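What follows is one chain in structure tokens, specifically the form predicted on its own.
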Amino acid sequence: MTFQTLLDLVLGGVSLGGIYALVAFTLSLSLATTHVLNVAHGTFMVLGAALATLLFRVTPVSWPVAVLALLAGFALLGLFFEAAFVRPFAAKSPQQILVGSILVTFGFALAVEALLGYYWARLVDPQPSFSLTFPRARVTLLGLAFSGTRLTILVVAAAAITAFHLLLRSTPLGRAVRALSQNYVGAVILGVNPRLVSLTIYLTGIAATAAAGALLALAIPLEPYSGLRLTLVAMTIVVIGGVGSLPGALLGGGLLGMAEVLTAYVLGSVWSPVVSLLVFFSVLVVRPEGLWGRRAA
């Protein structure tokens, strides 16, 4: 293995881990604050990749307009999703919310995947596949050659994660989110508005997830039926890092991203999805509260 190959593998693993961490943290945050387990979370990544492919490759739209359309469209979708699939569970017990949300969002994911695959094949391309290209294949920094695509993914993912960190740590809304995730009943008694927090979480979370899907399409092609696999990846990282933990999501995303890239290099890309399953069940057996979480007293 040459040094250039090692550099490409490390950058590939870290950039992929950044995407995974961003997606897993938005899933974890929604679960911690609303108790809704969104099985369709990965489907929003696929939708983001599909819309980005449509805007950047099929239609002649400038990239600033395409980016704004992508974010605005999925922010509205986040509001719709919260109203249709989250708000009806507001008065239920945590157990009812968890079970009901799994069933409802699983059905939503299957319906969206079927419709996307059918209409994309009929109207756009008979072989549905969502992928983007980056104009600069290689970038030279300090005498070292880096993948321009992977470097861009890493920078954008890092900026999005930093924005989430600042939102949670430096704003009143962020403090309300953290209060609900730590003690829902106590936060409501103290005056936190759970409806406002829920709207914000799903508006920003689904928009960020869709953007992450567009970033992932720069690295690997996605198919209409990739959503549930991506949800499993996000759930694996939540299990590794613990629910509601940004450092845990970064740790889990980095570990899983590096594991998938190294597995693809050594054994072939067909074995990469197996890594998520192995890590998921291993952590559940050895440390159910996550590598970053605390054991219950």
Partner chain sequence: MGSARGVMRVAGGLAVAVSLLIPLVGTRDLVTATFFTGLYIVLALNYDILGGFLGYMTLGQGAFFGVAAYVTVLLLNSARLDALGRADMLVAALVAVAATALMAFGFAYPLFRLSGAYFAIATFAMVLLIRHFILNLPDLTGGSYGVYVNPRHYLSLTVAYYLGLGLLLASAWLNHAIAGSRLGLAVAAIRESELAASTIGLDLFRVKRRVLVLSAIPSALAGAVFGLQAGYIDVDAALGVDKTLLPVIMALMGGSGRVAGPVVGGLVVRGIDVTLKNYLHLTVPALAIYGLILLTIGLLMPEGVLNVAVRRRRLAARSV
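Quick caveat: nothing in here was measured; it's all calculated off a predicted structure. Positions refer to the first chain, counted from 1.
Absent from the display: the form predicted in complex with the partner chain. The rest refers to it.
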query: Partner proximity in the predicted complex: residue 63 to the partner chain, non-hydrogen atom cutoff 4.5 Å; finding: no
query: Non-hydrogen atom contact residue 221 with the partner chain in the predicted complex at 4.5 angstroms; finding: no
query: Any non-hydrogen atom of residue 270 within 4.5 angstroms of the partner chain in the predicted complex; finding: yes
query: Contact test in the predicted complex: residue 186 vs the partner chain, heavy atoms, 4.5 Å; finding: no
query: In the predicted complex, segment of 223-231, 206-214, 193-201, 161-169 with a heavy atom within 4.5 Å of the partner chain; finding: 223-231
query: Output flag, 51, 144 and 156 jointly within 4.5 Å of the partner chain in the predicted complex, heavy atom basis; finding: no
query: The unique member of 151, 110, 132, 173 whose heavy atoms fall within 4.5 Å of the partner chain in the predicted complex; finding: 110
query: The partner chain: the contacting residue among 104, 75, 179, 124 in the predicted complex [heavy atom, 4.5 Å]; finding: 104
query: Sequence-ordered residues of 266-284 touching the partner chain in the predicted complex, heavy atom within 4.5 Å; finding: 270, 271, 273, 274, 277, 278, 280, 281, 284
